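Just one chain is shown here, as structure tokens, and it is the form predicted alone.
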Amino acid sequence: MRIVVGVAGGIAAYKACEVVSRLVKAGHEVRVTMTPAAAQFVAPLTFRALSGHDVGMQSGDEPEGPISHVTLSHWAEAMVIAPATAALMARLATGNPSEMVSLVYLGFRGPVVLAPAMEPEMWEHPRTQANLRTLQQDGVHIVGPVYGRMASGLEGWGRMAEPSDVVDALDDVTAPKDLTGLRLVITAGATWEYFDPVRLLTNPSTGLMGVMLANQAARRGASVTLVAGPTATHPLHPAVEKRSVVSAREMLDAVSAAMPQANVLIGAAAVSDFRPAERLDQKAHKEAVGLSWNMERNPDVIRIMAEQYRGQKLLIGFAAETENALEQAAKKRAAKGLDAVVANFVGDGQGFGEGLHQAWLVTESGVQALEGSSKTLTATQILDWIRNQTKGA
């Protein structure tokens, strides 16, 4: 997506650096405009380095050629203004285009997300609140401010929302609602299988992939139930219903309870294949424990769901492999009767968490490489495939 980020003067301008960084990391094209006052807090060179493009402050700067504000307002698909001071909000609400940010805003006709930042008394002033209402009536989406300590040392409402919340708000506003009407059950994270109260069997899964799928699906209009192991603690979209579990058997119970109302199951969790045959109630001291421990197989959650719902619901699994990922994913899809399996390599810094990532979608019709090395992009492409399968391309 093509995004213009407008930055106003104020101590919160430093947070705009992270906003731009997050947007670029997510694969967006970003251009930055600043008020002259903003340049007193963060140098334009910083935003040039983060975005890869020159920064505009006045109409005479022309970073995008002649009449840059017109070029940018027509180029952009979305606009983020963070931070927005009381002065900038007043200019935007009254249509006073005295610098590049307000010039681009007046010429732009797409979604705008604005993050106010100012002292509490300024935020509470009737004029600021009137300007706020005007901007909201104009269709501007407001995120924050939040309660906290201000640059003056005072506390109150006026602190700029965190950069992650600003980016999330933009995602909510711009996401297509093409999954509306679908009900998804998504599993995420590792399961824990206890030997005794202090020892357990698990794996390095952080649950990030499942959480990203859940958040994006919710933004795109789906009803989402996330069945999450203990490691899946990443921030969730408020529309996602989370059911926390610990063991594989608990995950099976939670998924079984949610599936009758669902259209789609995405098994992104790394479910432990085995568990101790006996869980001790007290810690087993090492002197009393041998070098082996009796184990038994855990239920295969997605296989059990496929046996029950094959042909009735869309079923997607994951295959995390250290070698022959595509071959193993194809075998898993056929053996378990799944509609698709997402294959990816793990180990040596790959696969888990936010490290290197490469994935393929394996279906009956063949293999589709999922573009990019970001789990965000992978989640988007998986959900696009689900949309096409359930609603047509």
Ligand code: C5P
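Owing to the predicted nature of the structure, the values given are computational and were not obtained by experimental measurement. Numbering starts at 1 and follows the sequence shown.
The form predicted together with cytidine-5'-monophosphate (C5P) is left out here; the points below concern that form.
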Practice task
Report yes if any heavy atom of residue 357 sits within 4.5 Å of a heavy atom of cytidine-5'-monophosphate (C5P) in the predicted complex; otherwise report no.
Solution key: no
Exercise for the section: Decide whether residue 317 counts as a contact residue for cytidine-5'-monophosphate (C5P) in the predicted complex under a heavy atom distance cut-off of 4.5 Å. Expected result: yes
Exercise for the section: Would you please decide whether residue 120 lies within 4.5 angstroms of cytidine-5'-monophosphate (C5P) in the predicted complex, comparing each non-hydrogen atom pair? Expected result: no
Practice task
Answer yes if any heavy atom of residue 271 is within 4.5 Å of a heavy atom of cytidine-5'-monophosphate (C5P) in the predicted complex; otherwise answer no.
Solution key: yes
Fill in the blank from the handout: The stretch from 47-55, 33-41, 332-340, 362-370 that lies within 4.5 Å of cytidine-5'-monophosphate (C5P) in the predicted complex, judged by heavy atoms, is 332-340
Fill in the blank from the handout: Picking from 221, 276, 230, 299, the single residue whose non-hydrogen atoms come within 4.5 angstroms of cytidine-5'-monophosphate (C5P) in the predicted complex is 299
Completion exercise
Students should find that, of 267, 207, 158, 83, the residue having a non-hydrogen atom no more than 4.5 angstroms from cytidine-5'-monophosphate (C5P) in the predicted complex is 267
